[in-house]
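What follows is a single chain, given as structure tokens, in the form predicted on its own.
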């Protein structure tokens, strides 16, 4: 039932993990897609090739979304290449593998986390929304985390950045509703991606997945991308301001 034929999407952080799965899923559903990568062009090209098999236009562009200028340039590139901007998935982000207490988090580490995880979301939405207002329609999905809902000890700067995304989405949903722009959030729990694998592959990580998650395992990138695909589809035309939890039952909240 899900078809995005004729739709154009911009996905940030699309060269790996949840972003790459989202590029493939949205392209498979019929959308033309532009996505950014930060460093690894070879990986981005591989995602392009995989997604293009479905017959839609898929292009990538290098961008450091902690820089406002790069966010603006990426949105302009997507609009130029695709002609319009129907869907924005703000997914790009980082996470620190090592535990680090608040007394040891440096100003540099704090600022980097906020720039990459929060400012990048603001930046692409800031520059994409005028195009959606002109079109009188749009779908925005921002990726948060269970850490943004319950906090995360020893990773408080990460949790703060993800919690802010939830508040940002809720404010935007009411602000933009009059323009027929729906704004929602997906909050994944542990997901088996390149970013989290160094923890999940350890003995402690495997035990964590087996005991802390009622379904007994970490999620897959595709399982998160499925929720994103639903939110940008015509099956979700009366949903805005919501946080969709995709965490295997690890955090139960409305």
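Numbering follows the first chain given and starts at 1. Since this is a predicted model, take the numbers as computed values, not measurements.
Below: the form predicted together with a small molecule, not depicted.
- Message: Taking the small molecule in the predicted bound form, would 17, 63 and 190 all count as contacting it (heavy atom within 4.5 Å)?
- Response: Per the other structure, all of 17, 63 and 190 touch the small molecule.
- Query: Tell me, which of 195, 29, 213, 227 has a heavy atom within 4.5 angstroms of the small molecule in the predicted bound form?
  - Reply: Filtering the options by heavy-atom distance leaves 195.
- Message: Between 160, 116, 129, 166, only one gets a heavy atom within 4.5 angstroms of the small molecule in the predicted bound form; which residue is that?
- Response: Residue within 4.5 Å of the partner: 116.
- Message: Under a 4.5 Å heavy atom criterion, is residue 38 part of the interface with the small molecule in the predicted bound form?
- Response: So residue 38 counts as contacting the small molecule.
- Message: So in the predicted bound form, is the small molecule close enough to residue 73 to count as touching (4.5 Å, heavy atoms)?
- Response: Residue 73 lies outside the contact set for the small molecule.
- Does residue 138 reach the small molecule in the predicted bound form if we count a contact as any heavy atom within 4.5 Å? Flag for residue 138 set to no.
- Message: Taking any heavy atom pair closer than or equal to 4.5 Å as contact, tell me whether residue 94 reaches the small molecule in the predicted bound form.
- Response: Answer yes; at least one heavy atom of residue 94 falls within 4.5 Å of the small molecule in the predicted bound form.
- Query: Okay, which stretch from 79 to 87, 139 to 147, 168 to 176, 100 to 108 lines the small molecule in the predicted bound form, with non-hydrogen atoms inside 4.5 Å?
  - Reply: It is 139 to 147 that comes within 4.5 Å of the partner.
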